[in-house]
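Next up is one chain by itself, shown in structure tokens, the form predicted alone.
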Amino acid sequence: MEQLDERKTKILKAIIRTYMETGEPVGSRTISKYTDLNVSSATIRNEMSDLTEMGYIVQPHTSAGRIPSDKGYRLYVDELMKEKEAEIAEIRDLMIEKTDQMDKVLKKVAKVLASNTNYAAMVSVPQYSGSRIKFIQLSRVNPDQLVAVVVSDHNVVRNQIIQLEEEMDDQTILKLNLLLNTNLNGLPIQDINLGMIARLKEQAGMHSAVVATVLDAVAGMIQVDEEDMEIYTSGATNIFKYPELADTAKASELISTFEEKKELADLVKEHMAGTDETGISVYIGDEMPIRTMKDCSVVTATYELGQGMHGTIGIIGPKRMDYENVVDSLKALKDQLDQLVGNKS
């Protein structure tokens, strides 16, 4: 660990692991029982004093016991992430194809994680990135309405009803279909810019409003909207097992967060925007973007299905969560999912 010598590192790890097990402040006598330290209680007290001054542990009461600070957890987690990086990378192979079983698989994933860790778990339905337009079809619904069907190369379909100010004949509908497909077929959705939109609307003439509505539907295929994002959760009541989270007001707020899911969607968006190459993010205490989770830690991981599909898995627990077990559970998830979707490697 950076800034700490080997002995301080071992003592900090021992304090964190002991506190995660007991939830009680840790004293030097308890730490001296760790067989690989081989130092006296007096030496440990001096080292703990240094760790306190450095901000890695804090003394919550006048007793000699210490608990990890957010800074201490952060250092512990950063090293753990380095150690586990190779194992974590396997999460990218979680689920391959079998999208018709997706809902069932993701619900099972959340349940398995909550059960294996004794914390709360969340899994977002995968979103698409890098999509290209496969085709666009304008069809008549009735004299006053058209329906625009937009299909991406991932066979994601979005339908959009278009209200007409006046009836449109079949030849005009055909011309608009040709205009849209000639210019947009095979084009990455992200490459549709304001200049292209203006040019298409100009070519559509008096029917520019129809083209604008179709392009809105195209843009909607890559927008991650909090209200539309599907997130499966499990194990929310596990929160009550931890005294620091079981306070009636705190627990009620956390449960509401899990039920309403809007803030969870915000967390998913933040993770996807800031994730590193391993696809793992760890939020501790005040690092959490969700106000109701300031007393929690959250570990989030990216899973990928190939062809631009990716989603987020998250485990939520107390700051003294067993980070190593959480990471191992994420690794084991690949095997669980292989069995669920029948994709034996």
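Given the structure is predicted, the values throughout are model-derived calculations rather than measurements. Residue numbers run from 1 along the displayed sequence.
There is also a form predicted together with the DNA; it is not shown, and the following applies to it.
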| query | finding |
| --- | --- |
| 4.5 angstroms heavy atom contact with the DNA in the predicted bound form for residue 46 | yes |
| Residue 280: touches the DNA in the predicted bound form, heavy atom cutoff 4.5 angstroms | no |
| Contact test in the predicted bound form: residue 33 vs the DNA, heavy atoms, 4.5 Å | no |
| Residue contact check: residue 54 to the DNA in the predicted bound form, 4.5 Å heavy atom | no |
| Proximity to the DNA in the predicted bound form (heavy atom, within 4.5 Å), stretch among 36-44, 293-301, 280-288, 313-321 | 36-44 |
| Whether 7, 26 and 62 all lie within 4.5 angstroms of the DNA in the predicted bound form by heavy atom | yes |
